[in-house]
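One chain comes next, on its own, written as structure tokens: the form predicted on its own.
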């Protein structure tokens, strides 16, 4: 059987969640649902899904609030935003918080399934019309290596560090940078040692504080 990622659905509309669950079908395992920020964080902590499929706007907060609260608890999962909004500020907000992708609710069922699976496997996924300005927005905000700690890393280590901090798997980093998985592992170990960090979770928090991801 092909990989079936586990998913928690977060949306304040019962009909929307039911519709999304139907569209996902048997391709993924929906193991939980939530309608607001508190419910979402509790459900994610309790079930630790591979992917959280969440709306951007919730009655008690935002999708970004959910992501930040989950990461603060040290829970390892990946987030894919699913929203009717294609406003740049909404997209950038959840991506900065740590989402791996953003798709609009006009997406077709089979495309949504593919997006969930790709995010579960460590890829980043955006609706085509959103990808361009997301790339532009983030390429403009990547800082020059003037941070004393960042200066400790070689250019290649910085590339690996950014991808690690964004949640990419070693094999995906190797493919993107056209290097071996062993080389990625070596760079990852060097990054953690130089920055005096002990895990990818700590690295993600460090990168967020330094506005690198």
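Numbering follows the first chain given and starts at 1. In this text, all values refer to a predicted model and were calculated from it rather than measured experimentally. The term rigid core refers to the maximal set of C-alpha atoms that superpose within 1.5 Å between the two forms.
Another form exists, predicted in complex with another copy of the chain; not displayed. Remarks below refer to it.
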ask   = in the model of the complex, which of the listed residues (107, 75, 117, 92) lies with a heavy atom within 4.5 Å of another copy of the chain?
value = 107
request  = With another copy of the chain left out here, work out from 174 to 182, 160 to 168, 41 to 49, 62 to 70 which stretch has heavy atoms within 4.5 Å of it in the model of the complex.
outcome  = 160 to 168
message = Check residue 112 for me: does it contact another copy of the chain in the model of the complex (non-hydrogen atoms, 4.5 angstroms)?
response = yes
ask   = Is residue 84 close to another copy of the chain in the model of the complex, meaning a heavy atom pair under 4.5 Å apart or at it?
value = yes
query = Taking heavy atoms only, is residue 193 within 4.5 angstroms of another copy of the chain in the model of the complex?
reply = no
inquiry  = Although the partner isn't part of this model, could you tell me whether residue 19 comes within 4.5 Å of another copy of the chain in the model of the complex, counting any heavy atom of the residue?
reply    = yes
In the model of the complex, residues of 179 to 197 near another copy of the chain [heavy atom within 4.5 Å] = none
query = So, does residue 23 move by 2 Å or more at the CA between the shown form and the other one, with the core held fixed?
reply = no
inquiry  = Taking 2 Å as the cut-off, check whether the CA of residue 203 shifts that much or more between the shown form and the other one after a rigid core fit.
reply    = yes
